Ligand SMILES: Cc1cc2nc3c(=O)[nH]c(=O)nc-3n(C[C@H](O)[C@H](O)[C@H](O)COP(=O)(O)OP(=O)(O)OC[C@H]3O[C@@H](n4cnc5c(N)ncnc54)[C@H](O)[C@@H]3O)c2cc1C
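Below sits a lone chain in structure tokens, taken as the form predicted alone.
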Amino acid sequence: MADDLRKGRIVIVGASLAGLRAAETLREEGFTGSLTVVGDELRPPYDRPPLSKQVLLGQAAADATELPMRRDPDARWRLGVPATGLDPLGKRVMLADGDALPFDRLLIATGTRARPWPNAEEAALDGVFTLRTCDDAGLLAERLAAGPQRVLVIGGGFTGSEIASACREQGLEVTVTERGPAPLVGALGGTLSKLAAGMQRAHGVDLRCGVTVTALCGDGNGRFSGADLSDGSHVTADVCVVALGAVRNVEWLKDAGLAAGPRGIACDGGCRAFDMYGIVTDDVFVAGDVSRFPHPLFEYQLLSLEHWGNAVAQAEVAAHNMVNPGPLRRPHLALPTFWSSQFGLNIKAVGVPTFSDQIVLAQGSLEARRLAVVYGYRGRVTAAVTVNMAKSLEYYQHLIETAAPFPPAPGAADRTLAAELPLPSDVPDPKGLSHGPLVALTGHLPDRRLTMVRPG
């Protein structure tokens, strides 16, 4: 059985971080069969986090972020050819060039794309950008280097905040609009979002919260010139970056019968995709940003994560399980982690901050801009966020993994400070945010009615 699984044909749809790491792991696990990797971009797999940081600052070229390969996966690369459909019965992936790839096992790692500005005519104005791909970053970096008078960033999530930080580092005037009460509130809750708002304003950002952009305006010659806001004000700017979160790339699976919807593709703890009836498939696996998977530390709710670390860990688990029989398969149990550098802050987190009802300031202080905040839910530690205290994170990760009681006992990572009294975590409703949450915990909401199949 194990030898049979190490042969045959495997297709990976998605040629980014998760797809590459899965391909490498398949070979490391002894897979000797045919391996094909499909990607809609012409470029080989590249790293995305530097695009909103080093590339925008001119510290790295957009085309110099290619991911290093741990080993040659000996794969057939079909780059620049999007997948357009999946035939699960015939076990074929349809491609945009008319080709069809047969498979014995399939890994879906199609990730996400930037959510576009909803008005296509306004989005087409010269000076309006999104930031997701290498090409996006190159074009935006070139425009920022030209010295625009003002940059408008729509959305105060991590990507929007990092773009604003890069603009201010280059001395550019920048306005950030966020429908929620503060930047980063969807990821960190109310307390730390106040620190983020204070830091942005201290660094000269024109931060507008509680407002939305109602229209992008042109100068009559097709160039972006500013935006109208819901409070009746107008922002004059010559560059606009739309940072409204991500769209999961599942449209090509419309008729495949999988549990695929706006929040991604649902799978079990071993990365096997569910079909639309909730039945686990045997030969279709999912990994990375496009997946939704249960985690025992978070009441088995389905997690949708846009995390670099999760993409790597889940890809490795999926690849292992694709070539090993049932008793040897592993669950995907890695804790979510994320990080961001902006406005002089090094923000790192572990766990799911939005899965919380209370927080405590366990170390440091908001005033010192050096702190550790621990999140709890129903008396158990569920997450921790550090600001300029990254070395403390390992301690809090252990508390989460061992389901330690909340609030944590006195003497945290530095063994000296006792936690303050718990406060509400103040996690907002994602519907009230411009950028959407970094982590979404959801049940499966089918995007169409289920069809009941009765035996004839």
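Heads up: residue numbers just count along the shown sequence, starting at 1. Quantities reported herein were computed from a predicted structural model and do not represent experimental measurements.
The next section is about a form of this same protein that is not shown, the form predicted together with this ligand.
Visitor: Determine which one of 294-302, 169-177, 281-289, 140-148 lies within 4.5 Å of this ligand in the model of the complex, judging by heavy atom distances; exactly one does.
Guide: That would be 281-289.
Visitor: I'd like to check something about Thr112: if you look in the model of the complex, is any of its heavy atoms closer than or equal to 4.5 Å to a heavy atom of this ligand?
Guide: Yes, Thr112 sits close enough to this ligand in the model of the complex that at least one of its heavy atoms falls within 4.5 Å.
Visitor: Would you check, heavy atoms only and a 4.5 Å threshold, whether Ser52 touches this ligand in the model of the complex?
Guide: Ser52: yes, in contact with this ligand in the model of the complex.
Visitor: Quick one: does Asp426 come within 4.5 Å of this ligand in the model of the complex, counting heavy atoms only?
Guide: Outside the cut-off, so no.
Visitor: I'd like to know if Ala197 sits close to this ligand in the model of the complex, meaning any non-hydrogen atom pair within 4.5 angstroms.
Guide: Although this ligand is absent here, Ala197 would stay clear of it in the model of the complex, with no heavy atoms inside 4.5 Å.
Visitor: So in the model of the complex, are Trp117, Asp219 and Cys240 all sitting within 4.5 Å of this ligand, heavy atoms only?
Guide: No.
Visitor: Scan His320, Arg208, Arg263, Arg132 and let me know which has any heavy atom within 4.5 Å of this ligand in the model of the complex.
Guide: None of the others qualify; the residue that does is Arg132.
Visitor: Which of these residues, Leu107, Ala311, Val153, Leu184, gets a heavy atom within 4.5 Å of this ligand in the model of the complex?
Guide: Contact with this ligand in the model of the complex is made by Ala311 alone.
Visitor: Counting only non-hydrogen atoms and a 4.5 Å cut-off, give the residues of 26-40 close to this ligand in the model of the complex.
Guide: The stretch 26-40, when checked against this ligand in the model of the complex, contributes Val38, Gly39, Asp40 at the 4.5 Å heavy-atom cut-off.
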